[in-house]
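Starting off, we have a lone chain in the form predicted on its own, written out as structure tokens.
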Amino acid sequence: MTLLPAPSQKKLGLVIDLDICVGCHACAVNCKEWNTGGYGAPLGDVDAYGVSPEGAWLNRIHTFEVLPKNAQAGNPAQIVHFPKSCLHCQDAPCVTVCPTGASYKRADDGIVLVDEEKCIGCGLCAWACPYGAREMDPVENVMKKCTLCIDRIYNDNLPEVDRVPACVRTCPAHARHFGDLGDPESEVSLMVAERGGFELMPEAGTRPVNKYLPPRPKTAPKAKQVARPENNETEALDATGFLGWLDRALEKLG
């Protein structure tokens, strides 16, 4: 069993804005590309173009249709794209369950990593993770996970603008943000405070560093009242515009 270090003042992590994530998967693809040629062994794939593809992805995007509680009051259902990767928990169960010390948490910045030389592929960390954020590499048979692109963020050979995780650098909607969530005055901490950012599954007691910004409520545009001079009537024109009017007109014709 591996012990966790004393809590670090610096807590590097991600803030993901669910309001503007468009589910394009650019973060997942660039994550795969960077980590295949970066830190640790390449991310393996088996039968990638066959009928039963299998591979290790450190970042995955799930898509849900969410129906608000007050949907009948005019708030429509909305699509929410939910990116998920390792959350670099402060009380990381994947670390404490590891029998070889392969899974560990850095004391200076809180990043959770895997020493692939020590990993025996037992999968205990994957069972312990309540978020399903661990990936067994089908080729190397070692556990893989998000590293926050540690080989980028501390790389002085890269331009400063590139010293962020690959997923953050590539996001076209700027839905992903990186910084020190242990500093209450950092940009990411202020963003969380302003938008009511939340942690995933707080009931698990893992205290994840990564936070999510909630999607803003979506409301259906109100119908417009359009006067019809020819018959002195007022007709409601709904949010579908001309096509909505055409549909109603055809209904009147029978």
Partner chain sequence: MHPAISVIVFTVTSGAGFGAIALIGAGYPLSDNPLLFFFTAFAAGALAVVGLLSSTFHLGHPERAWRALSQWRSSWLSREGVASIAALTLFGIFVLARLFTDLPTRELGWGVSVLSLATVFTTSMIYAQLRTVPHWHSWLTPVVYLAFSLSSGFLLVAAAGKASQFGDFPVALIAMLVLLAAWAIKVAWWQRAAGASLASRGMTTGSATGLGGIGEVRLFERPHTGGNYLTREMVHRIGRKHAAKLRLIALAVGAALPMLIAAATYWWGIANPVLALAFVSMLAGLFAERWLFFAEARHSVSLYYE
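Numbering follows the first chain given and starts at 1. Keep in mind that this is a model prediction, so the values were computed, not measured.
Form predicted together with the partner chain: not shown, discussed below.
J.: Of the listed stretches (127 to 135, 145 to 153, 105 to 113, 168 to 176), which one has a non-hydrogen atom within 4.5 Å of the partner chain in the predicted complex?
T.: Only one stretch passes the 4.5 Å heavy-atom test: 127 to 135.
J.: Look up in the predicted complex whether residue 158 has a non-hydrogen atom within 4.5 angstroms of the partner chain, and give yes or no.
T.: It does not: once the partner chain is placed as it appears in the predicted complex, residue 158 has no heavy atom within 4.5 Å of it.
J.: Using heavy atoms and a 4.5 Å limit, would one call residue 50 a contact residue for the partner chain in the predicted complex?
T.: Flag for residue 50 set to no.
J.: So in the predicted complex, does any heavy atom of residue 184 sit within 4.5 Å of the partner chain?
T.: No.
J.: Applying a 4.5 Å heavy atom distance criterion, does residue 10 contact the partner chain in the predicted complex?
T.: Although the partner chain is absent here, residue 10 would stay clear of it in the predicted complex, with no heavy atoms inside 4.5 Å.
J.: For the heavy atom contacts within 4.5 Å of the partner chain in the predicted complex, list the residues of 114 to 128 involved, in sequence order.
T.: Contacts from 114 to 128: 116, 117, 118, 119, 120, 121, 122, 123, 124, 126, 127, 128.
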